[in-house]
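What follows is one chain in structure tokens, specifically the form predicted alone.
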């Protein structure tokens, strides 16, 4: 005699969900925790190295320049606006609104990526000059890898929605990308203050 099997009818459940009801959203949160912790470790190493030096930057190393890093920080914060608009449009299943927001965000992120190279030059020291240089370059390059990946992710989503090939299941991806953009932009602010303003006050 075979045991009875319970059957659950899930046909009434929604096929597309946003926010914490989506598995992808939790994956994004996990990703942010890992990346955030890595950035904190890098900044902690920077401060640890500071304790072993009389001057900071050491020797005759000049302070980092502020113009390009400040402009790029403002641009990175501005990227949140079109991504926010794209995320809200995604919840309305507004394809044109999503495509417009992603396209603007993608263009701004491209500029941010290009200026990141000048941000490295603004450190006024080679990466292998001494421990300070390696720590400063390490933090900036680590965040640079995140904005490079973000550019390709945003670009892929923009191409999907501009071409009209996006399905309903892709709309939560846009909302999650907007959520991730807040992390990416806001996480840079303390890093920018430590690396570019820190040597003037530490």
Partner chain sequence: MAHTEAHATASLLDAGGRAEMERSWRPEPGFWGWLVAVDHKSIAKRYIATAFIFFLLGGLEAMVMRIQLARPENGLLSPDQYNQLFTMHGTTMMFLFGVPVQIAVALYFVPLMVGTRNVAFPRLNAFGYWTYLIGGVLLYSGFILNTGPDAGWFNYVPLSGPQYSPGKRIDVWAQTVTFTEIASLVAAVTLIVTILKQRAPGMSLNRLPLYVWSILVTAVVILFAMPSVALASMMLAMDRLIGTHFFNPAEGGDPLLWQHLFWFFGHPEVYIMFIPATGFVSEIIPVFARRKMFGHTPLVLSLVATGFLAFGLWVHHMFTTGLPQLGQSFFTAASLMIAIPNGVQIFCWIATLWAGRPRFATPLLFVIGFIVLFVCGGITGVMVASVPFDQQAHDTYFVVAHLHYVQIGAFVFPLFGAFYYWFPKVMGRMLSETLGKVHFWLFFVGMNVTFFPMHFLGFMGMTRRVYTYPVEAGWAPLNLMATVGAALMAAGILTFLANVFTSARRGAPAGDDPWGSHTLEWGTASPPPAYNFLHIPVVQGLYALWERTPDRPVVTGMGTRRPEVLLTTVLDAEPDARYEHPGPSIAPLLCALAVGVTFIGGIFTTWAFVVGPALLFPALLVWMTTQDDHDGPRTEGEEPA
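Numbering follows the first chain given and starts at 1. Remember, it's a predicted structure, so these values are computed and weren't measured experimentally.
Same protein, other form: the form predicted together with its partner chain, not shown, and the subject of what follows.
Exactly one listed residue, out of 104, 129, 122, 85, brings a non-hydrogen atom to within 4.5 Å of its partner chain in the model of the complex: 129. Under a 4.5 angstroms non-hydrogen atom cutoff, its partner chain in the model of the complex lacks residue 67 among its neighbouring residues. Contact check for residue 95: a heavy atom falls within 4.5 Å of its partner chain in the model of the complex. Its partner chain is not drawn, but in the model of the complex it has a heavy atom within 4.5 Å of residue 160. Using a 4.5 angstroms limit between non-hydrogen atoms, residue 61 is distant from its partner chain in the model of the complex.
Using a 4.5 Å cut-off to its partner chain in the model of the complex, not one of 146, 193 and 201 places a heavy atom inside that distance.
With contact defined as any non-hydrogen atom lying within 4.5 angstroms of its partner chain in the model of the complex, the contacting residues in 23-43 are 23, 24, 26, 27, 30, 31, 33, 34, 37, 38, 41, 42, given in sequence order.
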